[in-house]
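Only one chain comes next, encoded as structure tokens, the form predicted on its own.
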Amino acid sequence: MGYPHPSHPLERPLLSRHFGDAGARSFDGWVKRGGYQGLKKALGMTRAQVIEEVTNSGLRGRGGAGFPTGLKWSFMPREVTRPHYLVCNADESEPGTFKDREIIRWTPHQLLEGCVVAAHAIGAERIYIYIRGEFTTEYRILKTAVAEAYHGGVLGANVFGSGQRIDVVVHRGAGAYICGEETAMMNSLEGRRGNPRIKPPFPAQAGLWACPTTVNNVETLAAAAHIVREGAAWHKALCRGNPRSTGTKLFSVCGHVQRPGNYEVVMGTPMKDLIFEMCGGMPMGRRLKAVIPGGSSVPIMNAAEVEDCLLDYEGIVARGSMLGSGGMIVMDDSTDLVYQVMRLARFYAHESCAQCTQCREGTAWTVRILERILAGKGRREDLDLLLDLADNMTGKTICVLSDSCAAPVVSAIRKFPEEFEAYLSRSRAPVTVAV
């Protein structure tokens, strides 16, 4: 995997500081590197004080939605009259995203420390870490870390002598992308089919087993303990002029770059710096054509939009896309975008839970139309049909899987119409699409 390159502008990485350091995996190794100091500090604070610290830090969810973390924690009832649960979303299945698995692989105690800080803040005695089933190595490492944490007093009936009980259960998923959606994940944890639930009620009202529940992403929770240890002002200062996007962000960069991998940057770093300086730019003789900045479920950006784009929530929205999970897929001028969006649409059609008609039918028909265009049998009205399908798939379903399918297709049609025209005019040779 790619670790921070020497030209990296972040002098002292936060979350990725110990990537590649096998000694940081163990409990003793993490403590030796300053670990669990944030948790000890948090246990001396009230729930409200921890939530206030995280709220003031400006930390926002790093899994895709970008919702303010402290605000989400504050939704949990103040009085614990029923069990409270924390669910850690480690089901990293978004195409183009591979940063959470690196946190687990190299610094599992960084995640556990953040989980226990969050559990203390929301009044939870039990944490469920829902990990992607294919992460066999990471699962083994995490299970070892959990056993060490129990032995070291981080977990169990008396967390660091505080008298507080917090337990962790590591639950392996079975390969369903849809279970990355928080309510589908809770259904899966309960032993049900992993279908998203209608909201309200929201998880903080009635989540896992109808009890108050908070769901956070791995990267979000890993940052929490650092914030408590160093303070909200410290985290808020980690930005490049935009107080609404603070801290650092891990970006998983793949595709047509010379140095793919995970890179941690301060929010507000120019996208060009990441692609061309840290990742080495395009292969020799190639030019940048397009970027999907936040995992495959966000709109595609063209080269002009990348030019002055800043890597924060507002900066990417201003250029017509979303920061999402930070899974950056870079494409050079050799890319057939019609073929690529067909592959993305096929993924979403395969992963649809089929609960909503708009998603079940819309994703399937999107694939069929794109395959027809690629086969040289497309009609010009097919583009309007794709846009009409996308309109009926967006904002009209229980979860946003169908929106995720529509976003790259619509953006490709609007920003790269010549790609589709080449197939529709038969000036480009048909492509045989493997089933």
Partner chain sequence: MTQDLVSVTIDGVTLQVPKGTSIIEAAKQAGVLVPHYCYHPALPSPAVCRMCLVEVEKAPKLMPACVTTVVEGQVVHTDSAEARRARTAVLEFLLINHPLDCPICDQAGECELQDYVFQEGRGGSRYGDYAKRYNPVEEFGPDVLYVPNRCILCTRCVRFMEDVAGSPVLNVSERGDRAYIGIDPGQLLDHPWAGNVVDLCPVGSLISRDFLHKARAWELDKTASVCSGCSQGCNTMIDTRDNTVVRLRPRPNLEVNRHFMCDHGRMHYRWMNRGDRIEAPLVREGERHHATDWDHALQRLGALLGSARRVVLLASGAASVESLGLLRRATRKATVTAAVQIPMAEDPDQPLAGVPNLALRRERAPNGAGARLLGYTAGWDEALNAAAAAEVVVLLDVALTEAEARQVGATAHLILMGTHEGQVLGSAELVLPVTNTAEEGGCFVNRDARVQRYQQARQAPGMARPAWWVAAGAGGGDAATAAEAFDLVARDVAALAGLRHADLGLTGRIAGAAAPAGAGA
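Numbering follows the first chain given and starts at 1. A quick note: this is a predicted structure, and the numbers were derived from the prediction, not measured.
Beyond the structure shown, there is the form predicted together with the partner chain, which is absent from this document and is the topic of what follows.
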Under a 4.5 angstroms heavy atom criterion, identify the one residue in Arg33, Arg372, Lys40, Arg47 near the partner chain in the model of the complex.
Arg372
Would you mind picking the one in Gln164, Thr144, Asn302, Gln355 that has a heavy atom within 4.5 Å of the partner chain in the model of the complex?
Gln355
Can you check whether Ala364 is within 4.5 Å of the partner chain in the model of the complex, heavy atom basis?
yes
Check whether Asp388 has any heavy atom within 4.5 Å of a heavy atom of the partner chain in the model of the complex, and answer yes or no.
yes
Residue-level contact is defined here as any heavy atom of the residue lying within 4.5 Å of the partner chain in the model of the complex; does Glu351 satisfy this criterion?
yes
Wondering, does Ala157 line up within 4.5 Å of the partner chain in the model of the complex on heavy atoms?
no
Are Ala237, Ser245 and Arg414 jointly within 4.5 Å of the partner chain in the model of the complex, each by at least one heavy atom?
no
Can you say which of 113-121, 277-285, 193-201, 263-271 gets within 4.5 Å of the partner chain in the model of the complex, counting heavy atoms only?
193-201
Residues from 365-401 in contact with the partner chain (non-hydrogen atom within 4.5 Å) in the model of the complex
Trp365, Arg368, Ile369, Arg372, Arg379, Leu385, Asp388, Leu389, Asp391, Asn392, Met393, Gly395, Lys396, Thr397, Ile398
